[in-house]
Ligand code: AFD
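Heads up, the chain below is alone and in the form predicted alone; it's given as structure tokens.
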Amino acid sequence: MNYEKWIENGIKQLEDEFGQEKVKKSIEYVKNFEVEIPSWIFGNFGGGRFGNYTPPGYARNIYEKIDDACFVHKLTGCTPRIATHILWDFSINGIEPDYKIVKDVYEYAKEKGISLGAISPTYFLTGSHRGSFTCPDIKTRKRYIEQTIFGAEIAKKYGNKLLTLWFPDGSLYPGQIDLSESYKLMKKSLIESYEEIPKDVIVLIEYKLFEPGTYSTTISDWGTSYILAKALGKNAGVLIDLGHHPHGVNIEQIVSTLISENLHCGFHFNTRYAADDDHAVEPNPQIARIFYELVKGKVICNKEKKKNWAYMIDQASGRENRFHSILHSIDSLQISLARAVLVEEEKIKNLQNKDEIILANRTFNSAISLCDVRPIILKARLEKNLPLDPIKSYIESGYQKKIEVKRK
């Protein structure tokens, strides 16, 4: 197949529909898009939380995770940072963090050409069955508060000044815990931690509808995260994980609201069919609608990086090849971004003003759902001297066979 001719024809068709400026802008956005990838996708994660199968060639330590992340960046050009979990990546015993490991890992990543990104404290340890920040035992709370402060310090010195917090605190049955006391303890522990965190570190508070608690989760939705972030201060925001909502929730409206409130927020991209199943991202219409709000809100692909929200992938499903999975997610995100940029805002605004409901919807969906933006993605990769098909390039590279032999 003559890809250059196919790309040229595809770009011409898109220009005829959306105009040269829109297509040019879409290509530039794809070229400038960056997303962090998680260290845990490459490790011995045992099929996520729901199985014991681990794909062959998994990374046995943080150094091999960095090797894998570097190879992904080589193929995509858009993953210059790796997100880490403190007690998964920077600990010998899985109980206490080790500062020396952090420094060694930082230097190793730097030598390899990538850097550390978001730092996540690990709040779900053995002995924490009654919670972390909400545990009635003050010693347990103190241990987690100290780990949070430690995470912020390494985020400032060795990462990108981003700390992401997810708490498993909650309950299985009504009456198991006092809901109001649990929330008050969470807020108190967060404030106590935040007061010791360097003021230029951004703290993003994640929420989750359920799991491991099935009756209650102390931080169960974006509203709770928002209230807690506002209680902390200007360097705190909300971390949206796409798998952490009931089915049918209008996540793009959550995005629009948080942008309107001028909060610095972030994303854990994945997808889900039943719940938070850690599956790879697919280029579905909702992902594109979310990207439309991000583009319209000017919180993505800005030259002034501090204006951008934080974008991370969070997945580790067990059945697929992990490299195929992460590369597929990146491809899906780029497709969704390209579609979002093509939306004809002025045309839609005029139709909205005329109350042309269906025409506005059709105009919106002509970009979001119906157009083939693969020529834009491939054009962006050509201009960055990247492989046109990262998954095909990975298969042909021999990297999978190499790690399977080396990591037996």
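Start at 1 with the first residue shown and count on from there. Source: prediction; values computed, not measured.
Separately, the form predicted in complex with the named molecule exists; it is not shown, and the next lines address it.
Exactly one of the stretches 200 to 208, 328 to 336, 138 to 146, 249 to 257 approaches the named molecule in the model of the complex with heavy atoms within 4.5 Å, and it is 200 to 208. Proximity of Arg81 to the named molecule in the model of the complex falls outside the 4.5 Å heavy atom cutoff. Proximity of Glu293 to the named molecule in the model of the complex: non-hydrogen atoms within 4.5 Å are absent; the residue sits far from the partner.
Although the partner is absent from this view, Asp221 stays clear of the named molecule in the model of the complex, with no non-hydrogen atom inside 4.5 angstroms. Put simply, His268 is close to the named molecule in the model of the complex: some heavy atom of it is within 4.5 Å. None of Trp166, Trp309, Tyr194, Phe323 but one reaches within 4.5 angstroms of the named molecule in the model of the complex through a heavy atom, and that residue is Trp166.
Put simply, of Asp276, Glu282, Asp98, Glu153 only one has a heavy atom within 4.5 Å of the named molecule in the model of the complex, and it is Asp276.
For the stretch 235 to 262, the set of residues having any non-hydrogen atom within 4.5 angstroms of the named molecule in the model of the complex comprises Asp241, His244, in sequence order.
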